[in-house]
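The chain below stands alone and is given as structure tokens, in the form predicted on its own.
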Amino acid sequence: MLDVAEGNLRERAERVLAYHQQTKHRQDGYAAGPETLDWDAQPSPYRQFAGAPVTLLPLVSDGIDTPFAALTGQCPVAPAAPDIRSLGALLELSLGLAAIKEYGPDRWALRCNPSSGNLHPTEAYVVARGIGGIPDGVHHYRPAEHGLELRCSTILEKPGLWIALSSIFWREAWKYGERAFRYCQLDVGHALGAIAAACAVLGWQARVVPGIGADALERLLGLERERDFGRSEKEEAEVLIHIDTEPARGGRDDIPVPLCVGEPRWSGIANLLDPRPMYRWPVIESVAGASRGTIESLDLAGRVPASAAPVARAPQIILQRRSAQRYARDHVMPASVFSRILDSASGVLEQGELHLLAFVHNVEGLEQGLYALPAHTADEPRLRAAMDGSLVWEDVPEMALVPAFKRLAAGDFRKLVRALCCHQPIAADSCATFCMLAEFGDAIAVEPWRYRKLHWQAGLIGQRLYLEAEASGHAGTGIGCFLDDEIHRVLGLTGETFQAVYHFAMGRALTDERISSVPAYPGRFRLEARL
């Protein structure tokens, strides 16, 4: 007979895979979404807890000279002392506002962590003890003010610093409908990458805390407290990250978990983000429930690249990162830049179960065509066996630094990739557009939570691509809209072993001069003293 636990596992896995199939975009119709959008009624991008005490954090990024090389482990950085200034820098450079954009009467904020549609479903919580200037307890981060509101005043068993992430699915579903759960998970991956990069700026290390379940994380953050949320949109606990402020002392396997030993005193009532939601997408709640599980380890740093890093100041690159809306079609990316980007991305690929395909349009010395970068050299035979047998899998001498990079087919694929990416010009006008293939295989059947993890890994890779593109004088754009099975058909893929989960374009951005930009946090004093 089928074991009850095994049957539950199978049912959850089937729900997850059914969701993925249901939310694919196809030539004859996109995944279900709202029929109309009222931008004046967009859900608030900011969660607040009325009545919770707020601690404003200092803005200190202007006084940090850490080079870009530190973001990829190529330059040692002395750890900053853990206090209100360094914590302020961490949050400013990972989850804070990067700029304010203005166009006519419209005004909107951009953040350091990318988000599909700039909707930002990801919320952040700080769990701290012994951080100078920060009350001990659980705090919610308010990016609009760059402050922490104290949700729970309690005593932790040991000193330490953690950041937890949650998702508000409605912020994304309001615009994208059923496919929104995918985008929320990609956003978590980008946020993880942003936190890891900000930690590297400070000489710290961000590590995912394994072994903690969604229920336990909800209780730690108070997300299950009905009295604090009422009619407000609920948050889904995603992941807990330990911030190691003395990485030279810690071991790779020694990742502490915050344990509350004092009597918790909760404060604050969550605000209602959308008082009149027009749609409901039950399939999102279904896949969220089916994919809940115990968090596994996830490497946020990756292998150190062998190529020389661009010469740039890390905080400046982080704060100026943007998603390009248009690209200069005739711009040629230097071969050295593309090689560095591949080298850096492969260091992240090697930690996960994703493979990178590249539609190369305009890279110096490279023939136009379709290329592949498997996560590991040993993965190539399986990919070759799964794909169209006419693909050639040739070595690319021009990219000798990344020997796993192979040419699959020569040709101008601009028209094709534009169609595959929901007819978006950015996919064709870029210098190169990447496709991330995830290994669904048995992974989701064994543990449905890994559906989230695969998207997190895609977001991590996307974040590395964003920063590398920016540091080289280019720009990137994450693309979540694509025709899933048409891409598989082009590659000759059948079944569910390999699935496209994300696309990413990069090239020389064209700026819309009608849109003006002003610094974030106008009126706030910025400290220039070094940490």
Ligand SMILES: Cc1cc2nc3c(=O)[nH]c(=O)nc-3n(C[C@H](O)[C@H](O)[C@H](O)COP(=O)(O)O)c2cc1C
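This one's a predicted model, so the numbers in the text were calculated from it and none came from an experiment. Residues carry their position along the shown sequence, with the first being 1.
Keep in mind that the form predicted together with the named molecule is not shown, yet the notes after this line are about it.
Proximity to the named molecule in the predicted bound form holds for all of Leu110, Ile426 and Gly478, with the criterion being a heavy atom within 4.5 Å. Heavy atoms within 4.5 Å of the named molecule in the predicted bound form are found in exactly one of 117-125, 336-344, 212-220, 234-242, that being 117-125.
Among the residues Gln351, Ser153, Gln205, Ser323, the one placing a heavy atom within 4.5 Å of the named molecule in the predicted bound form is Ser323. When contacts are judged by a 4.5 Å heavy atom cut-off, Leu186 counts as touching the named molecule in the predicted bound form. Residue contact with the named molecule in the predicted bound form: Tyr502 places a heavy atom within 4.5 Å of it. For His140, no non-hydrogen atom is located within 4.5 Å of the named molecule in the predicted bound form, even though that partner is not displayed. The closest non-hydrogen atom of Arg450 lies beyond 4.5 Å of the named molecule in the predicted bound form. Along 441-468, a single residue, Tyr466, places a heavy atom within 4.5 Å of the named molecule in the predicted bound form.
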